Each structure stands twice: as structure tokens, then as C-alpha cells.
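We begin with a single chain expressed as C-alpha cells, specifically the form predicted alone.
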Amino acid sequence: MKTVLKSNLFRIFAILLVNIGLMSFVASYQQPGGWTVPDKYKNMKNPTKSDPANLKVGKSLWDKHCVSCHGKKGLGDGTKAATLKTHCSDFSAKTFKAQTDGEIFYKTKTGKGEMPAFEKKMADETDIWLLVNYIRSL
């Protein structure tokens, strides 16, 4: 009886440790701080202006590539958001807004997990920068 109890306790403990590890991984994955951005990108300056014409282009890119997950206002409440395993970023959050344009550019360009990389969909990096401007305007 004691052997069965010890065996069951060991299994429960092992399952608990695995779940804690997975939850920690998911939490770090979802948070901006959990996504390592190389210094080269952190310090990049946006070469495009945030003027009405460029914001219009950025919005068209947003509508085409981003709105389905991130929602119309960037709150992470798009129509596909509920089907994802990870939480979509809320672009109105202080932690998101504290990022540099270069960090947002890098994350958009390279993607991670369910966040797709846009370096092929937007081969012209100018488009990614215009999208960064639009995201900042939300």
C-alpha cells in the first residue's frame, strides 16, 4: 500500500513540475520581455515618417495581415485570436508601448510561434516600418 501511495505521489509531483515548467514557458513566451530582441534591432530607428499617407499604407497592411488576430484596435481580440494557443499582444498595454520601434519591427519581421514572420510576406522592409507606424497610432 505504501509503495502504491509513494508511486502515485511521485507521479503527481512529476506532473505538477511539468505543468509548472510549461506555464512558465508560456508566460515568458507571451510577454514582451520573453522575446529576446538583438541589440541591433532594439536601437534601430524607423526610417519612415508617421504622416497621413504612410499611416494609410500601414492601415492597409494591418487590415490585410494583422486584424484577424490582433483586432481592429490592436487589443488582441481579432476573430482568430480565440483559436490560438497563445495570447495575442495588446498593443495598448504599457509593456508593449515601452518597446522601441526597432523591437516591434524585429518581432514583426521574424515572428515567433503562432506569430508568423512577415519577412517574406512583406519583402520590402519599408512596409514593416509603415506597419510599425500604424501600430503606434492605435
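What you see is a predicted model, and the numbers here were worked out from it, not measured in a lab. Numbering starts at 1 and follows the sequence shown.
Separately, the form predicted in complex with ligand HEC exists; it is not shown, and the next lines address it.
K.L.:
Does the 4.5 Å heavy atom contact test between Leu84 and ligand HEC in the model of the complex come out positive?
P.N.:
Residue-level check for Leu84: yes, a contact with ligand HEC.
K.L.:
In the model of the complex, is there a heavy atom of ligand HEC that lies within 4.5 Å of any heavy atom of Lys45, even though the partner is absent here?
P.N.:
No, no contact at 4.5 Å.
K.L.:
How about Lys112 - does it come within 4.5 Å of ligand HEC in the model of the complex, if we only consider non-hydrogen atoms?
P.N.:
Contact check for Lys112: yes, within 4.5 Å of ligand HEC in the model of the complex.
K.L.:
Would Lys80 count as touching ligand HEC in the model of the complex under a 4.5 Å heavy atom rule?
P.N.:
Heavy-atom contact with ligand HEC at 4.5 Å: present for Lys80.
K.L.:
Check each residue of 54 to 92 against ligand HEC in the model of the complex and list those with a heavy atom within 4.5 Å, in sequence order.
P.N.:
Contacting residues: Trp62, His65, Cys66, Ser68, Cys69, His70, Lys80, Leu84, Thr86, His87, Cys88, Ser89, Phe91.
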